[in-house]
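For reference, the chain that follows is the form predicted on its own, supplied as structure tokens.
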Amino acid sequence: MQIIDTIPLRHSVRSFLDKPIHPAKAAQLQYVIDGCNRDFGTHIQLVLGDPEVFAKKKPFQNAVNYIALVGSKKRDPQEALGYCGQMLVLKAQAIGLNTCWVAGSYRKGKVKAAIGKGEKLYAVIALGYGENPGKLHKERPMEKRMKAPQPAPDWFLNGMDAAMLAPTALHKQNFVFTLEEDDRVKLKSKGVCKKLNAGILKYHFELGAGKESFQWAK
């Protein structure tokens, strides 16, 4: 399955089967993690078989695997962690796993990840074989999430279609993409976890639009 094809299929899942992740699937995720840590300077880690982090946290069930999004305190890595985290979420979907972004409803002090001096845990992604595939949340009108000349080019609309299916904190979709001159695109993300959300949104937009179609505005 192509990664872009996983976008409409992926939904948040919080109840998992009591089934360990197959080593071959874990290896595929670790390969992506290694690439992200090398290219973005993050310290993302895959943790398997840990029942403590989501223990007693409703509505999680059998959530014993997760991706720990760790990065520098000094150099704010949240957008990079959002970008890489969503890359891993869609990779997981492509290999038959389900996921859920978690920024608050977990026992942060129980996370079994290596967090070095000068590093911080920003969020985790629950991971496993879902009891069900999850469900699509209601979207806001796309026209309220974009500013572009009319008619907007197809690549921009394709990017928006993908971005509208991106997970955001509390499902608020509190963002606006603006098409500027010379095929430059500006993203404004607001609200809770806005920097993590920006990374997630940018990854989706790039998949839909094609990275060769535009440049990000500073």
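Start at 1 with the first residue shown and count on from there. Since we're looking at a predicted model, the values are computed, not measured.
We do not show the form predicted in complex with a small molecule, though everything after this point is about it.
Next item on the list: Scan 169, 185, 36, 162 and let me know which has any heavy atom within 4.5 Å of the small molecule in the predicted bound form.
Entry: Filtering the options by heavy-atom distance leaves 169.
Next item on the list: With heavy atoms only and a cut-off of 4.5 Å, decide whether residue 177 touches the small molecule in the predicted bound form.
Entry: Contact with the small molecule, no.
Notebook entry, point to check: So in the predicted bound form, does any heavy atom of residue 11 sit within 4.5 Å of the small molecule?
Noted result: Yes, contact at 4.5 Å.
Margin query: Is residue 72 part of the interface with the small molecule in the predicted bound form - any heavy atom within 4.5 Å?
Written below: Answer no; every heavy atom of residue 72 is more than 4.5 Å from the small molecule in the predicted bound form.
Notebook entry, point to check: Might residue 83 be said to contact the small molecule in the predicted bound form, defining contact as any heavy atom within 4.5 Å?
Noted result: Result no; residue 83 lies far from the small molecule in the predicted bound form.
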